[in-house]
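Single chain ahead, written as structure tokens, the form predicted on its own.
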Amino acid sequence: MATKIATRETDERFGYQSFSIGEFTFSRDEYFAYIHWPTGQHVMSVDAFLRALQRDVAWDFFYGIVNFDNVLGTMNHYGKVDLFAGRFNEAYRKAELDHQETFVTEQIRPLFKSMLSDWTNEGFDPFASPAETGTAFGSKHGNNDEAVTRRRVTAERMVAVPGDEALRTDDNGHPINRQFADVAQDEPELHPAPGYENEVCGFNLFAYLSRSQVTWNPSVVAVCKESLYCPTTEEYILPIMHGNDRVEWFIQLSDEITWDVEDRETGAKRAKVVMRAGDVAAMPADIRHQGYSPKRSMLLVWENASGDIPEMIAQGKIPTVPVTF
């Protein structure tokens, strides 16, 4: 039977559309997002919902699991996506309130994009820190499609390498962020041997990140086969709990982030990790994590983008941790 996908009529009280896919329905009012499924229902503050939805859309469902909170989320199978409620919540499973459906990515992607566009009002940017944007609340008024359709920055080789110059953030429309005013903007001095001018390249990563106007949004700045360097700037709270399907390496470049680390399946607490500038940590493949950054900070995330890793972990061919002591 074909998956039922429909957009319902606009709610005349608040002006927002309601959405449905399969047996899930989504609606919002002035303050909250409401999610219903056959065995239960859930409510989230709409600003938190939109910040999570923005990442899910921008990252095309990302690696593994995007938990909007401890109930709702998606799991990426790279071509198909699970939409779930309560699947990774032990209490919901025991009470048999959990529900999950699987959709082809081409089915769920446009619905999520439409919901993000319709529910994001003029002046609110779900990618920005709370201090840098307007409010998500109130009745429908305008939109902010320019913000919610930002393209994720992805280098083919490395920023500054010929062919990737267009990805540089500079004075042309990218001012230095208010919390990075002290970051030096000078670029490295290079002296390549004759004939290697297009092979020896470099850029100031700190200056590059100081001009980022989004938070908690990894951008690929260097690629070596399947190895990706994905730095990002962080402020306030990571809007999702990321459930890993591979190991992630974190290198704290500046300031401080506190991470809550939980068991991926049950949500049981596993660790609290406080990372300060210079610290390195590996997030195992069987956890989920959420970060808290009191001041805007810089974080380098090192990913292996191989599509084979989740299946290899599931089959026990490779471990969930990078090293065993």
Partner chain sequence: MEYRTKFGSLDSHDRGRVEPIDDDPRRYAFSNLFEVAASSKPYEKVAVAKNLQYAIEAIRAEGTSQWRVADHDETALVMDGEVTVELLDLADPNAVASGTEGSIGLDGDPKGTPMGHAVAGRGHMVLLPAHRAYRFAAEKPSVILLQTIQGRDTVERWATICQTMI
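These numbers come from a predicted model, not from an experiment. Numbering follows the first chain given and starts at 1.
Not on display, but discussed next: the form predicted in complex with the partner chain.
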* From the list 97, 253, 111, 237, which entry has a heavy atom within 4.5 Å of the partner chain in the predicted bound form? -> 253
* Choose one stretch from 61 to 69, 277 to 285, 46 to 54, 23 to 31: the one whose residues place a heavy atom within 4.5 angstroms of the partner chain in the predicted bound form. => 277 to 285
* For the spot marked by 158, 190 and 223, is every residue within 4.5 Å of the partner chain in the predicted bound form through some heavy atom? -> yes
* With the partner left out of view, is residue 103 within 4.5 angstroms of the partner chain in the predicted bound form by any non-hydrogen atom? -> no
* Classify residue 196 as contacting or not contacting the partner chain in the predicted bound form by the rule of any non-hydrogen atom within 4.5 angstroms, answering yes or no. => yes
* Asked: Taking heavy atoms and a 4.5 Å cut-off, does residue 270 contact the partner chain in the predicted bound form?
  -> yes
* To do: Give a yes/no on whether residue 183 approaches the partner chain to within 4.5 Å in the predicted bound form, heavy atoms considered.
  => yes
* Residues of 82 to 102 having any heavy atom within 4.5 Å of the partner chain in the predicted bound form, listed in sequence order -> none
